[in-house]
Every structure is written in structure tokens, then in C-alpha cells.
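Let's start with one chain on its own, the form predicted alone, as C-alpha cells.
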């Protein structure tokens, strides 16, 4: 017996997909993913309409989705992140129903509790056997961790594995097991792993970014959290990676060995593992090919599901054991609310991902951002969209000073004692506006194009169309 079908079309037919149902996808191949477009083209050709697409993230490789929305094949989108090109389409109002933005923890929570049920999940698998055991670690399209696909496979009514690397049964070291899989479709290619490296994944050489990164590492050092057993997550942006580099130097100098590094893992975090800065890496997705190679070969580099990573519905989640997280922002306001969903003009160009999950769980949540971008100040009276509430942010590091949330008086005193350049956030805003001027407010349209759902449920904010 095996579960192999002749084509994606046959898998769709056998899944009994009908108008009005929900299908899902994961994003570990990021901007190199082929599977979502292949599946949607087959569904459109079959005349199926009014679908909900629940995708852990959407990239510009998925631009054909806009056509399926305009043609009525897709009428609702649920996701954690939308890249700028596709985001522009949503911001201009192509959908009747608002996009539902969740977090990387909120998405699996709502799937597992039945709030967002999935009828058919399509799992892009770089390696699979005829019964559906699958992994992201092996094959020409290897993406590393498949952490965001676990909830889809476990809770969907039907689950289809799509692979370009069929191996003998049983696949060793599988990630998702056969007992969740209904059908296996073999195709020529599920994606281009070079597309995994989308966005900035290199340490900045910009002097401003290096100043911010150095100060960020000093904030961590002064916080009292940097000691043996320390746990840490950082993003893949240039300044965040530079901060990790400075932090690595401090840890090696002081002989500090952390417990784990967390999150979307880059080659720089792998370097910290190899250098002895951490005992383990807990990886929900690989951000570059160095991380893909590491998770395949190093048992200390461990795959985790998005449920274990950040779900508030799980019995425990790793974010709640996190000491420090370094995050980015497109805007932050004087109440420390952070926007990572839209640019300053209101166009969708991102999403929370794990931003608000880690900010809520970590003991120290740090934003690194320049004082201005394209002559627009980073600090504003009120962010265009609240992605992460200010109550979960502890500190903002810029080249013009370090602003500490008033809720954290102890941290402010520690940083003051360390003689770091502390500045009130209102003062930082005024200092920046002396350079940039005060920007005009961007008018909102009257149509809600997206709802930002907080990790515990409920609408945190709404995004309106751009006029």
C-alpha cells in the first residue's frame, strides 16, 4: 500500500475540495515556493470558488494569488505576513473580505482549537516516502525546519504532501509522520531553495547600524540577564545580526554559555552555537542555507513546531522561557506600540510573524531601529497600525539614544548606571523631527482591508485601504 497519487489534480479530487472550503500552505521555502501557485492554478482550472487560503506567510513569489482573488477563486485570506508587492494589492482593496493577520503563535492556536478549521492542507516537502512521512532537511529543495506545517498536517481534515524527492519507506529522521497524511503527489520541483534567503540576512556595514547594534549588545549586558543559561532570539535584519555578533564577542570574552537560541535561525546563530555561546538552537524556520545545512547535521540544532514555539493554546511554549528578543519596527509610537504590518504610507509590507509572540514572552523585548527612514521619523504620536502593543516592549535602541519604556524603571536604572545614552522617547521624537520635520498624517480610506488579530484572539487593530 502507498498514498501516491498521479498528480496534484488527483489529490484535490480525492480530498473532496468544494466551494467555500479552507485550504492551507506553509512558507518554509519563502520566496522560492512553487507549491501554492501550482495548487491554486489546478483549483482554478477545476472551477472551484469562494475559498479561504490560510497560509503561514505570503511572499511576492505568490503574486498570482492576486489573480485568483480577482476571479473569485479566493475570497478570504488568513496569514501571518504578506510581502510588499502582494501587500500593495491588498492595500488597494482587491478583496471584499479583510485579510485576517495572526501571529506565528496565534495561527496554530486557532487551527488547533478549531477557530480556523482547515479542510485540505498542502504540505511542500523536500523529502517524503510513499506513506507521507516527510522532512525539510533532505533533497534538492531542502528548507530545513518545517515548524509551521505541523499544525496544518495534524488538524486538517485532509492533508496532501507534495514532494520532488520521493524516497524509500520509511524515511529516516522524518518531521511530520504518515499518520497525518492522506495523499502524496510527486512533482518535478516544489521550489527554489535560493529563495529562502529573501530580505536582509547579512550583518550591516552601515556605521549607523553598527552604533545601534553595539548599544543593543551593551543593553543586554547591562540588563542582568546575560549569564550562563541565557536564552536569545534575534531577527534576520542587518542591525539585528550585527547585535548578535557584538553579543557573541561579549559572551566569549566573559565565558558565558547560553541555554538556547530560538526562532528563525540564520547562519550567524549557527556560528554562535559552534562557538559555544549556546548549547542548543530551537528552530521553527531556517532563514538561510547555512541554517539548513546545520539542522541536517548537528543534533544540537533542533526542529520545533510553531505550536511549541509560540502558541498560547499549547501546554507550554518556548517564547515564555525566552530571556531576550531583538526585534525591528517600521514605526514605534510614544506609547511604545510597534508597527511591522505597514510602511509609513499605510501599504501592507509585512506582518507580526513571531514579533508580538516573542515580545509578550521574553523578559527583555528590544526594538532596534534608526531614528528615520527615507526622512520619515521612526517615532510617531501613533503608529499607522498596532502590531505589538507597547506594554510588551521594554526598550528602543536608535543611533540617537536608548528609550526605555517607563514601565521598566529597573532596566532604565541599570542602563543609566552602565552610562548608556538614555533618552526619553518624547525627546527622541522631537530630536528626530528637528532633522526631518513633522510628517503629514496619511489619510486613511474607508474600507478595512485587514484585521490584526492579537495572539490571544480579538482584533488588535484594523488596516484601511490606501487612497
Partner chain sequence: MMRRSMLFLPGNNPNMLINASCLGADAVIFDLEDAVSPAEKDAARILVRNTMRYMDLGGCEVIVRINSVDTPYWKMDIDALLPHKPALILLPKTASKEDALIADNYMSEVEERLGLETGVTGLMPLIETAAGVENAYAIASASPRVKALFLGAEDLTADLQCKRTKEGREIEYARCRLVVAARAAGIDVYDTPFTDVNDDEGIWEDARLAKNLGFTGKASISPRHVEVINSVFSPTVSEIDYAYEVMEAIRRAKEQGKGAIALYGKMIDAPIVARAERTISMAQALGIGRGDN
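These numbers come from a predicted model, not from an experiment. Positions refer to the first chain, counted from 1.
The discussion below concerns the form predicted together with the partner chain, not included here.
- This chain is drawn without the partner chain; in the model of the complex, the residue among 256, 84, 304, 372 with a heavy atom within 4.5 Å of it is 372.
- The partner is absent here; in the model of the complex, the one residue of 70, 416, 434, 441 having a heavy atom within 4.5 Å of the partner chain is 434.
- Heavy atoms of residue 218 reach within 4.5 Å of the partner chain in the model of the complex, making it an interface residue.
- Contact between residue 189 and the partner chain in the model of the complex is not found at the 4.5 Å heavy atom cutoff.
- Residue 95 falls outside the set of residues with a heavy atom inside 4.5 Å of the partner chain in the model of the complex.
- Although the partner is absent here, residue 211 lies within 4.5 Å of the partner chain in the model of the complex, judged by heavy atoms.
- Looking at 105 to 113, 174 to 182, 377 to 385, 392 to 400, the stretch with residues near the partner chain in the model of the complex, meaning non-hydrogen atoms within 4.5 angstroms, turns out to be 392 to 400.
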